[in-house]
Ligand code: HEM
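Presented below, as structure tokens, is a lone chain in the form predicted on its own.
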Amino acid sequence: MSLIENIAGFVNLQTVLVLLVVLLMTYVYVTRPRNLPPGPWGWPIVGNLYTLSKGNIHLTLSKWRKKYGAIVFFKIGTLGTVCLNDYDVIKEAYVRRSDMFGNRPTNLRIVNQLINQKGIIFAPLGPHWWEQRQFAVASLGFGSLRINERILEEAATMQAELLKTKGKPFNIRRMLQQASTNVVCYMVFGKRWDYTNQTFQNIMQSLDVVFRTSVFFLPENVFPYVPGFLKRGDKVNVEKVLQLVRDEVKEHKETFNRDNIRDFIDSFLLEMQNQTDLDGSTFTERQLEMTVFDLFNAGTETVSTTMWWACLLMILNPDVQNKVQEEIGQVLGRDSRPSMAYRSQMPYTTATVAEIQRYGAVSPIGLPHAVPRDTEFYGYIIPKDTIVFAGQWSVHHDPELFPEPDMFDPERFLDDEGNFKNIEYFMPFSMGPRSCMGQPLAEVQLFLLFTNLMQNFKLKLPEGAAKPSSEGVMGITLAPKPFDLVAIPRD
């Protein structure tokens, strides 16, 4: 074949490829719904994945807010997505129009295959979801004295573990995770695990993988029509946690006594028996497994990660740590145990916990919502099945709502008299019907665990260690980058 023929063939191939790209882009433009919210231009098929993959997603969305406004439309692969980046806009969607925006996506392939709209977190909005949520809240007894006592016992166990470090550098992450997980295990399974138990260690490792992965952006979700991804390690780790749940349910069924209800699983099994003859009952074994899975995951990760941020921010802000410990000393002394009864007497400690939640923003874009049909919103049309995120990080770092948002300042939560004040724009648990149902438990855990830690230990950087970064790493939650600390017992 002559050189001219080779060149001609190459040109023809190049021409065909260019034409295909032009046709595809034209198709995307022509079929793009009209009157969408503004947003960045995306490539066919992959959408804005390249830009989103270059850094922490919440920071990218915050930049887009400055360029495009409070409502931004973009594409995660083939999935149309909207991020709401303004407090009033989020409140309008999640509270006033929760009938439209309170739904969950049905087009996240791996989520649907694993959960199948069971449990509570990803169950569809409606009376069955509401029944299950109300049952869980009532059965778990959030805020009861029994639960508070369990948290304090776990805090004492963690205190003993910290003493074993003998002032040597270590990463406190696993210890915090074990403490918060054991609180939930007590409520759900009726037992706790020793920190050295191998099964417990394996579950902690699986949870690490699950929560450090942006599960909503996995290939099987982003490209739901492309097969071949479903044997990923992410799914394997989810299955490990699910198997633990199934084993616990099986054991509870074998030892169940309706006259001795031990925990949440027993409460659910009792309700299953009571509704045996009721057509269409939502109290099924599959629903039990997925509800326990929800409680086990959501109830452990946010608290432990917030406490991890607390440790980092106390190290980076020793003046704040000193003020917290001074207040604890004035109210509790060295011998009194922390209690929610003292919370009103400890405004600076309470404000510090709130500022940790604001600054760390462990759920920076929240869990995905969705609209079930084409929806008019602020003059735009949001197409059916569009995924909706709420930019909680953007709200918590909005300089108009929180002046100097990059500064860690607990005093923003204090009034002129030094009393703790609620700030309307503070939304660590989201808002509306889909807000975190474990909020009461999380608030108690954070206050008691943090107060106990500060009462008994001074947290410092290891000698000669570099200053750790205050920029988080995004998975399902936003966690600090790993760091070591030294826990010095207080005299």
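Keep in mind that this is a model prediction, so the values were computed, not measured. Note that residue numbering begins at 1 and tracks the sequence as displayed.
Below, we refer to the form predicted together with the named molecule, which is not included among the displayed structures.
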### Residue (of 283, 359, 129, 413) lying close to the named molecule in the model of the complex, criterion heavy atoms within 4.5 Å
129
### Message
If the cut-off is 4.5 angstroms on heavy atoms, which of these, 121, 245, 72, 222, is the one near the named molecule in the model of the complex?
### Response
121
### Task
From the candidate stretches 293-301, 308-316, 203-211, 260-268, select the single one in contact with the named molecule in the model of the complex, where contact means a heavy atom within 4.5 Å.
293-301
### Task
Decide whether residue 43 counts as a contact residue for the named molecule in the model of the complex under a heavy atom distance cut-off of 4.5 Å.
no
### Query
With the cut-off set at 4.5 Å between non-hydrogen atoms, does residue 434 touch the named molecule in the model of the complex?
yes
### Message
Against the named molecule in the model of the complex, would residue 68 count as a contact residue? Criterion: heavy atoms within 4.5 Å.
### Response
no
### is_contact(residue 133, the named molecule) in the model of the complex, heavy atom dist at most 4.5 Å
yes
### Residues from 362-376 in contact with the named molecule (non-hydrogen atom within 4.5 Å) in the model of the complex
362, 363, 366, 367, 369
